[in-house]
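Here's a solo chain for you in structure tokens, the form predicted on its own.
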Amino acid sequence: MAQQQKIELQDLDLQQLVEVKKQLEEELSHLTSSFGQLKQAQNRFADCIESCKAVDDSNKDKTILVPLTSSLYVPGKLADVKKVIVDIGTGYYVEKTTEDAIKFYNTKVDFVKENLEKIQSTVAQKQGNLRSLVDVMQYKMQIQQQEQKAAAAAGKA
């Protein structure tokens, strides 16, 4: 993991602060995007759990729609309600019992939840850094304006 270098904001000039602010905003944007994508994945895994729970003996031999694409379906019959095919990632599929599939997806939900918590913590830290940075920028701009006013007053005298 990359080591983060601590920078004293007061030691930077206004232009450097603007660059640091831009970098922080980009990092926050990326983290927020990642958070959204992980949240969507968590919801998909939760949907899979609910779908596995819905596959039971009462559904055996019922006609269902089998998706061929996201918008194309063919009719089919649910022949085996004890087993499902699970996408385990990177194009690999495994046959599992519905109970094992639920365990698999619960593990996925927990893993994503842990990562969401880490991202939330990082976002909160970065937002705090950004607030501190903006405060220092405002302070430096006030001082710069006061110096300009003092120089202008001295030039008139």
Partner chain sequence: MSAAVALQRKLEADSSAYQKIQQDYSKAVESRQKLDSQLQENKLVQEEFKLLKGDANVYKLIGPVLVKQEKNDAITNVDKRIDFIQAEIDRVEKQLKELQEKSEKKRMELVETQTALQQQQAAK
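By rigid core we mean the largest C-alpha set that fits within 1.5 Å across both forms. The model shown is predicted, which means the values in this text are computed figures rather than measured ones. Residue numbers count along the first chain shown, from 1.
Keep in mind that the form predicted together with the partner chain is not shown, yet the notes after this line are about it.
- The partner chain in the predicted complex comes within 4.5 Å of a heavy atom belonging to Ile85.
- The shortest heavy atom separation between Ser70 and the partner chain in the predicted complex exceeds 4.5 Å.
- Shown alone here, Gly36 lies farther than 4.5 Å from the partner chain in the predicted complex, counting heavy atoms only.
- Remark: Lys113 does not count among the residues lining the partner chain in the predicted complex, judged by a heavy atom distance of 4.5 Å or less.
- Site residues Asp135, Tyr139 and Gln148 are none of them in contact with the partner chain in the predicted complex, judged by any heavy atom within 4.5 Å.
- Residue heavy atoms within 4.5 Å of the partner chain in the predicted complex occur in exactly one stretch of 117-125, 51-59, 36-44, 85-93, and that stretch is 85-93.
- Contacts with the partner chain in the predicted complex, taken as any heavy atom within 4.5 Å, map within 95-114 to Glu95, Lys96, Asp100, Phe104, Lys108.
- The Cα position of Leu68 differs by 2 Å or more between the shown form and the other one after fitting on the rigid core.
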